[in-house]
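Okay, so we've got the same protein chain twice, two forms, each given alone as structure tokens, structure 1 and structure 2.
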Structure 1
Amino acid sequence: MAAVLAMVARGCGGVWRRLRQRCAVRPGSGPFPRGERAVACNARGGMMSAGKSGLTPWIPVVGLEIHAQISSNSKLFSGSQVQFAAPPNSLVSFFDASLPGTLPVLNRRCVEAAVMTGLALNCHINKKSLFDRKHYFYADLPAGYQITQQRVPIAVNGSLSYSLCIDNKMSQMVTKTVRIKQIQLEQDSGKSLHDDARSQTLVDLNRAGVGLMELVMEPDMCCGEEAAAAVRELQLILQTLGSSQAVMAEGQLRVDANVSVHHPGEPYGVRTEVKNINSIRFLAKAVDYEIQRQIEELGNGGTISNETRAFDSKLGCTVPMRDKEGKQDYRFMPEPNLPPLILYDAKSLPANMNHQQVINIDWIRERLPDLPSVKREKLVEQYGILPEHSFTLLVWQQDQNCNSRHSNEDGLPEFFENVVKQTQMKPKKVIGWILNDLLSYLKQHSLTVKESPVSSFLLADLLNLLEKKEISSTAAKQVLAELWKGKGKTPLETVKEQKLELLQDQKELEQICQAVIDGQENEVMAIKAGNQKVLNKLIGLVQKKTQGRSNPVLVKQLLEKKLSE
């Protein structure tokens, strides 16, 4: 993906031309010089040469439509439970099954979740929003329509800011923004299991009626990398708010991408919609593939049709999904069973209304938790760590949330802060121990922060020993390895056991240094001749003799002093 990253670094647009040129040099190698996936598509679809039109640049345009399942106990319009895995059709009420005589009753918690999300994304909250019916026929939509908010949604005109690494090493980050067109409340459909063998579809309505927030983004992005970064940040925000657990693998966050390309100065090209994207990694792949596919197609004189395509994760490419039956006509109509949804703020609060029936936007705004961007800024400001470090701290937490069902646990940032509180070591140094050492142990053993055998207290204790120069950093790593075994020993006990204390006796150290110097005539001569690097070898030998218990800085000083005599 180096080519793609290079493109990001230089800004999108013109570099796509260079990407194609690169392909032209090695015909048939596919859109990504190192892309294994694209080669499989090549084999299927024939040669993907760069085309003849050559050097006119293409501007890719990417817009996302995201459905986030609201984290609530019961469904949007009924009192049946929301739960991921349950026996089929056990979490279904009569309304969810669309039995005659049932009516929708709006869930307060879902409205609050949508308002929170709208506020967090800088949206304007519509104090009056309306519900509509969107009609289409499908087995998992028992009513034949979905209740949604097409005319006047609950929130409009917001923005999402996200960070992007310029290079692979994460040492340079840029902030980008994508505009949010609107956020609307709508129902989820049930699940269909296609049994092609018996030519039938099995329908489970457990998911039918669960509350969704549909977030429509403006087409402000230009590549898979940006789309992935934006969705990651959105995921983090939703999880921080608690409005959605946003775990893509469990279908709580579904992303559809709209992709088109055009020449600069010309109107937007025809867009295709890409569905069936099951992870953030696949999102980036799908978007980049589709951009490249469209460029190739147009470059070869073909046209792009306004179709829906599915992403095939095994082959790494998009395939047409539906028949070209033209645009669906959803026959939107106002939902006759629901009056307008009215929200209030501090000024418009009605005097004589039941508290439970009133949703106060200002009240919700005051209680919003710190958003990830604010958390990161605070960490940087308070502890002087680098922005990319604060990014890693929170991203690790996000990965944890995705893999475990219990999100919003006390995580790595809290662990870090606890260690800082209990140690004299500077936060800038502590962060290294957290991100390099602790994190690699956690990853190696697939543990969450809560499950770590090394508590923040133990780590702080260890770092104090290091800070007081009672042990060397090499020794500290050894101790950490021992502590990780979780045998209940304190750092000090481990140090004593393994005899890792730094030699405090200066005289003894000097004697050892002298002995090493005396034993390495050739090296001494080399150093005196000007080759300073050889000094490291001598330091190493001293370390060996002291069994790692010497302070390398001090050793270097002593050796240099002796050699200059």
Structure 2
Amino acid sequence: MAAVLAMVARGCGGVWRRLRQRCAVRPGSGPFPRGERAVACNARGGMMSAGKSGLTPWIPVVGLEIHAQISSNSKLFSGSQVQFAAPPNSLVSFFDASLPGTLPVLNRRCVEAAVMTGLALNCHINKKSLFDRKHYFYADLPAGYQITQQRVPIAVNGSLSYSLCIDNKMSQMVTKTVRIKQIQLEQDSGKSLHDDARSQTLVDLNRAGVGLMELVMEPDMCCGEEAAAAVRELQLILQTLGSSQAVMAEGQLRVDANVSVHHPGEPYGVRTEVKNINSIRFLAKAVDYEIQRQIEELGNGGTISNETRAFDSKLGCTVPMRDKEGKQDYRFMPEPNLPPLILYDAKSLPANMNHQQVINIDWIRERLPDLPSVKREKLVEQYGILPEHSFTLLVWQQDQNCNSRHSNEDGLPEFFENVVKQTQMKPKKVIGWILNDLLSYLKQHSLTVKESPVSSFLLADLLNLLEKKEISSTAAKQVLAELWKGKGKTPLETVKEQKLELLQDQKELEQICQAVIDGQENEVMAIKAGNQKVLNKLIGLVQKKTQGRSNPVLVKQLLEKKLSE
């Protein structure tokens, strides 16, 4: 199907200025200088005062609806292939185009992915769930309705724990929990491609019918920082499970944020919905902007409309899309072409049932991988690294998965563990080399861990030389830079070729130390007067003369001995 449909496209505009620090919107800050009230929210979960004005603070309330594209080779109800960036309308079956007489056939893989996700999020899995039709007209929805699960979804009543920093300090983290109301299976719509130059919109139906999980989070969050942290943790869980690649840049994870504000002790305010946010960074900005916009509007005696808004990432603001005051009637009705979805557990599974023809909840539960929170705990307990370092390992892996088509490939945690197994250096030292040095090179060259020219074996070999005191840390960094060039040489070969071995002749090192002391009379006088910090300068001069081939600890001992004579 190569034909495309055209419609009129409209633009939007606005202004934005990023809110500052921990969700707290204080008087005079943000895009609205006349605001006289504060957002009652911080990373610790308490209310913040409204400042000198003494006015009652505002409490922001944030809930999320998240659409995650299920990682499956085919669509939810048809055999059409799922492929990103395929030629327009090249992956459209008769059912996807809603030709008369075509019927849906449920994709087993999509059901298993939803069950897996529900279990990972502590949900109750409904053994019987139902499909419904949600009616609305839009050009990229050929049937005029979406098949979803409005009445009885596949999973309900779950929770997601996530961590966020206090005052942007990784060493100070607090864990929070957001309730998951439900997870439901549903179809995606097609994609509208807006051509502003020609004032038309082209419709690509490749995405129509792709399987989605809609996750509805209760309004338990209070700011953009919390919303972003919750979505980041969810994204990492989905990638760990393999139920979704969750690449936001490819539309595989889209977020709608429901935002309102109210005073303490009062009912929740009128909420607005910010639709289709496709970036975690934009999510934080959109939520914070919308909170401050509502506070300013109410503070000036205005009212908040129950409307749908969009976040303009270029201009940095939320802008109106459509009014929701006259609530749209979606005319939900049972899907007549799909029977109830029946799942089983070990107790309810009939003895004579073919296991390949049913989905066993307990079978899926037993095969769940370690979730990110468990991985972080194991890294801390097994290797003694700091909790914030375990977060960095997994977050880096997540960022790489978001840029890779192979989201389950070994990442930084596995690389770290492989290095630890092959080196004599303590894990606490190894983590420093990986997070500070290796990641610096990876970021600089935009490479994944798998693409790194420095393997875990090479890095472990290099760290062994450093641990045995055969080279200095300065020399080790030089060797790492050479290894990064990918010339196929081992660390030891590079050390010998560059003559980076530590000086083993102590008499020669003593002579160099004496020469440095003789040439730095002012520094020597300062040290003898009690300024021990100046000693570091002498150590640096010795390192310079030896081209980094001297052991700083030994050099310090020799200098102190000579200065005390």
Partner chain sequence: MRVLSLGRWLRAGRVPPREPASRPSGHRHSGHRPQGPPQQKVSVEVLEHLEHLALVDFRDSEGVERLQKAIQFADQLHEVNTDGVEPMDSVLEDRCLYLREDDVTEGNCTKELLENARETVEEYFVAPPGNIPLVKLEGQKTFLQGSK
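These numbers were taken from a predicted model, which means no experiment stands behind them. Think of the rigid core as the biggest set of C-alphas that the two forms share within 1.5 Å after superposition. When a residue number appears, read it as a position in the sequence of structure 1, where counting begins at 1.
Identity of the form predicted in complex with its partner chain among structures 1 and 2: If we ask which form is the one predicted in complex with its partner chain, the answer is structure 1.
CA of Leu386, rigid core aligned, shift of 2 Å or more between the two structures: The answer is no, as the C-alpha of Leu386 shifts between the two structures by less than 2 Å after core alignment.
Rigid-core frame, C-alpha of Glu65, shift of 2 angstroms or more between the two structures: False for Glu65: its C-alpha shift is below 2 Å.
Core fit, then Gln356 C-alpha moves 2 Å or more between the two structures: Passes the 2 Å threshold, so yes.
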